[in-house]
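What follows is one chain in structure tokens, specifically the form predicted alone.
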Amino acid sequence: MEYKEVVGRRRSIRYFQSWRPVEREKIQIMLEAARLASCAVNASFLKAIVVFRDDLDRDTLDALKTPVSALNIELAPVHIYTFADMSAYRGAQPRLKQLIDVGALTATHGWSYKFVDEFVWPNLLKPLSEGSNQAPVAAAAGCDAGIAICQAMLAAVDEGLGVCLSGFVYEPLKKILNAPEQWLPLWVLLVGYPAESWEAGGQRPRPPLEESFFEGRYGKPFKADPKVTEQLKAAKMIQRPAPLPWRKQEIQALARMFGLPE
């Protein structure tokens, strides 16, 4: 698919073909997409542990469920538990020098080994790597991890998979996942083949562009150009809005298939 269509087709899929395994190569594609995401100081803030649902015992699986995610967790054959690595700033000094070596950071923008050693490291990165101020560390880690997760989700959609980002209960998983203490639990990315149509009833309602984005200052909306909107519809980024007329019937059929209340 073209990129714009991938963005437009992404849905939070909540009905998965629970019986159908996901190919390992498709999981690798998702992880590679996450690995290549933009990240501050070339630090890999996102860490993730892939768990195949059927490898979990019943007690653990049940303990992971929340009132809003129980069915999602039960149906999704692959769980990718994501974390923000709060220690990722460590080692930033040599990584920045590596970016200089490969031509990503250049002298035209003021970068040099000396600049890294004498300004960036002591004034910015050293305090962060030592954890003297956790707020900016958490903000950067969460932001960068979110970017990487998003790229993994879009890669999954491009591979014909369904995805749903969900909260999860971490305590039952601690011993199983053995994640380091400095990893902050974020979300579980549920992955599988959709049992519902990929449209899932249509594109979810979102506020108009002008309500969220501004030009120059707050209060001056960034005006959408109707011509661009039509171009995005043609490119399938903007799609038919929910609810599509057959959605209720689809949900009823899914409920009957999975033995769920209607």
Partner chain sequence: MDSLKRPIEEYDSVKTWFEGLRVQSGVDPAGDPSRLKLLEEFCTFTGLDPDQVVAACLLIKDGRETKISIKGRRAMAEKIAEFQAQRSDASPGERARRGNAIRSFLIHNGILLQSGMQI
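Positions refer to the first chain, counted from 1. Bear in mind the structure is a predicted one, so any value in this text is a computation, not a measurement.
The protein also exists as the form predicted in complex with the partner chain; that form is not presented, and the subsequent description refers to it.
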Interface membership of Leu36, the partner chain in the predicted complex, 4.5 Å heavy atom rule: no
Residue-level contact is defined here as any heavy atom of the residue lying within 4.5 Å of the partner chain in the predicted complex; does Val68 satisfy this criterion? yes
Contact label in the predicted complex: Glu2 to the partner chain, heavy atom within 4.5 Å: no
Going by a heavy atom distance of 4.5 Å, is Leu75 a contact of the partner chain in the predicted complex? yes
Please identify, from 235-243, 5-13, 250-258, 21-29, the stretch that has a heavy atom within 4.5 Å of the partner chain in the predicted complex. 250-258
